[in-house]
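Shown here is one chain on its own, the form predicted alone, set out as C-alpha cells.
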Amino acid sequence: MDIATPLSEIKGIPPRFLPKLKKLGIETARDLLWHIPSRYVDFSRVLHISELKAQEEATIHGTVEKARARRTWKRNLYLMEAFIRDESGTIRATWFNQPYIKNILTPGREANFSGKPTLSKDGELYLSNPTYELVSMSETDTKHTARVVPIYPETRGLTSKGIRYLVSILFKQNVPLEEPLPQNILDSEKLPALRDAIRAVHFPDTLDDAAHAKRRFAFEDLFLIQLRNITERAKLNNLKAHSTPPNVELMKELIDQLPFPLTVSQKKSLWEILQGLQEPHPMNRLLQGDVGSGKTIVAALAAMNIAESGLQAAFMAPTEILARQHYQTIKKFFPEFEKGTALLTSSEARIFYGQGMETTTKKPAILRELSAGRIKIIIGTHALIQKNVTIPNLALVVIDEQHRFGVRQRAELLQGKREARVPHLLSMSATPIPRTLSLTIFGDLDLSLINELPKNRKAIITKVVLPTERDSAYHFIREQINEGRQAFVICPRIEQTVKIDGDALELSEFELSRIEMKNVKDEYEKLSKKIFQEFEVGMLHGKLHPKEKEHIMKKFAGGEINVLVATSVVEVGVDVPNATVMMIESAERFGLAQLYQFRGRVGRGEHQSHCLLFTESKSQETKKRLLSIVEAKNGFELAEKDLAIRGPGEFLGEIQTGMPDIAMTALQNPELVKHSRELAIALLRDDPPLKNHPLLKSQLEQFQKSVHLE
C-alpha cells in the first residue's frame, strides 16, 4: 500500500464512508492524509467535575450513572440525557437528535466527555452536545477527548469524529511517505519532515505542534505555486512573439488628440506595455487600475502601436455589453483610425474604418476581412476563440476582467499553427489585488498599476446609512431620479432560502445571518410596488439567461430603467454615465474590495455621484470597516485591509479553483510568500528541469493537475 492506494482497497475503511468521503474529494490514502484540519479544540485539560467552569473547554472522565431519551414538547426534537459521575460529583450531558447514543452510553460505561460547560437559566452547570469517547481510566491514547482535537471540513453523515477515526486507521497501516522537499529547505525554514508533520497536523500534542505542522504544509503549497509560476514564465520565454518597437511619434500624436491628459501612472503603464511588445518572446502583463482609471485607453494605444506596424490585435471581454463599450471607446477617441476596427459578438457585427465610415455587416464578412488582415483591431467576447475565426497576424491579445489567459488559450487563437508566433498578452483588471497575492497567484505575470483617477473626475460621496435613515435615503434617491439620473441597488443574494439541518436544535449563526440578508427578488418587489412605484424598476441576477441579462442592461444603459436591483453581476463591465446613485443593501456582507468595485460603477459622468452603504448591523467592527470605504482614496490600500480581514478568496473568485485551503490562508503571510519565492527561484536556477529532485518534480506535476490558476 502507498499514498496513491484507493481507500476502497484499504483494510479497515468501512465501505459506507466511501461515498461521503468522495463528496469531500477524498478517494485515496493521500487525499485523506492531506485533508488538513481547519481548526483545533484544546480538550487537553482533564478536570474533575467539581472543577468545571462555564465556557471553559475541558475534559472529564466519568461513569454513566443513568441515561434517558425523550421527545421535547418544543419543536418535537429527540433529547438524549446522561448523568455522569466521578469521585467529585455529577453532571448532566445533553444531545439532540442523536438517538443512537442511548445504545452507547449505557449505565456503568466509562468514558471521556469534552466540551464547554454551559450554565442554564436555573444556574445548573451542564454539558451541551459534548464529544464523548469510551475509554477506561488507564487509557491515554485517545483520539477525540483529553487532547488537542482536530476539527475538519465535514459533509452530511461524516463528522470530524468519523474523519479522525479514518485517519487513525491509515496511521496504524503505516502508509509510506516520501519527503519531496529538499533537506536544505527544511533546515533553512525550520520545517518538520513530512512524516512528523502529517502526524502532528492530525494528532498534535499541543496547539504549537499543530501550528508548526500547518506552517510546513502552507510553505509547501506556496513553494509549489511559485515553482509553477516560474516554470510557466520560462515556457513563454522559450516561445517566439512578434517584436514591435514603440512608435513614439505615433503615440505622442494620438495622446495629444485625446480630449483629456493621461495621468502619470497611465503614461508609465503604457511605456511598460510598449517595452514588453518589443520583446521577441510573449509579454504576459497584468494592467491593474480602479474602475474608471483609464485602462481601456492605455490598452487601445498599445493596440494602435501594433496596428501601425501592420499586425493585428484582439480585445476579448466577458460580456457583449463590455465588448460594445470597448468598440465605442476606440471609435470615440480615435476617430481617424483607418486600419479597421471591428466588433464581433453573437448579436452584432460592425466595422469602423475611420472618418465616420462605419458599416453594419454579417459575421462571415468580418471573418473574411479579418483573415485577409484588413481588420487590424477585432473586439468581441470569447467567441473569438473559435475554429472559424482566423487572425493571421495576431500580435496582441487584450483580456478584460476575470479571465486568466494561458498558453492553451493562446494556442487556440493560433489555430494550431506551430510555426506561428505567439501573441503578447495584456490582462486588465479593476479588482485591486494586494501585492502578496500578485507575487503568488499572478506570479507569472508582470504588473502595471494605474493608481490614480483622471483629474476631471468628481469624488464619489459615500455614506453609511443606518436603519433610522432609510426613509430619508429613499427620498434622496427619488430626487435624483426626478432630476433624470438613475440608481443601482445591490443585494447579496438572489432569493430567500434557508435550510435547517434536521440534526440541529436551532439555526446556526451562519444561517441566521443569511435570513437577515437582503435578496434581489424581495427587494425588487418592495421597490417596484411600494417605494418607487412611479419609476421603472428592473432586476438583474446571475441566474438569468445571458440574453436576458444583456437586454436588461441595454435598457438600463439606454435610460429606460430608472432603478436596477441586482446582485454582484454589475461589479464588472457596466458603464452607465447617467447612473449617479449606488445603493448597497447589507453592505457588511461584501468585502472592502468588492464594495470599492461597486462604488466605481457610478461617478462615470459629469454629475455628482453618491454611494450609500446600508447596514442593519450594530457591530462596531462593521461600522469601522464600512467607514474605511467612506475614507478610501485608493483601492490598493483597501485591498491590503481586506486581505487581512477576509482572506484571499475575496479577490480570487474562480481563479483559485482547486487551491488547498491551507495555501489560501498562507497567502496572508507575506514573509512565507517571500521566502517560498526566493527559494523556488534559487532551486530552479541550479536545477531547471528538477532532474535532481524527482519527488519534488512529481509533486509539482500532481499539484498542477489539481490546481487551476488560469
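Quick caveat, the model's predicted, so the values are computed rather than measured. Numbers for residues come from their place in the sequence shown, where the first is 1.
Another form exists, predicted in complex with a small molecule; not displayed. Remarks below refer to it.
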query	finding
The small molecule: the contacting residue among N112, Q266, S609, S448 in the model of the complex [heavy atom, 4.5 Å]	Q266
Interface residue in the model of the complex among T296, T567, N562, T345, criterion: non-hydrogen atom within 4.5 angstroms of the small molecule	T296
Proximity to the small molecule in the model of the complex (heavy atom, within 4.5 Å), stretch among 335 to 343, 146 to 154, 240 to 248, 453 to 461	453 to 461
Distance check, L638 to the small molecule in the model of the complex, heavy atom within 4.5 Å	no
Contact of G276 with the small molecule in the model of the complex (heavy atom, 4.5 Å)	no
4.5 Å heavy atom contact, G538 and the small molecule in the model of the complex	no
Proximity of F260 to the small molecule in the model of the complex, heavy atoms at 4.5 Å	yes
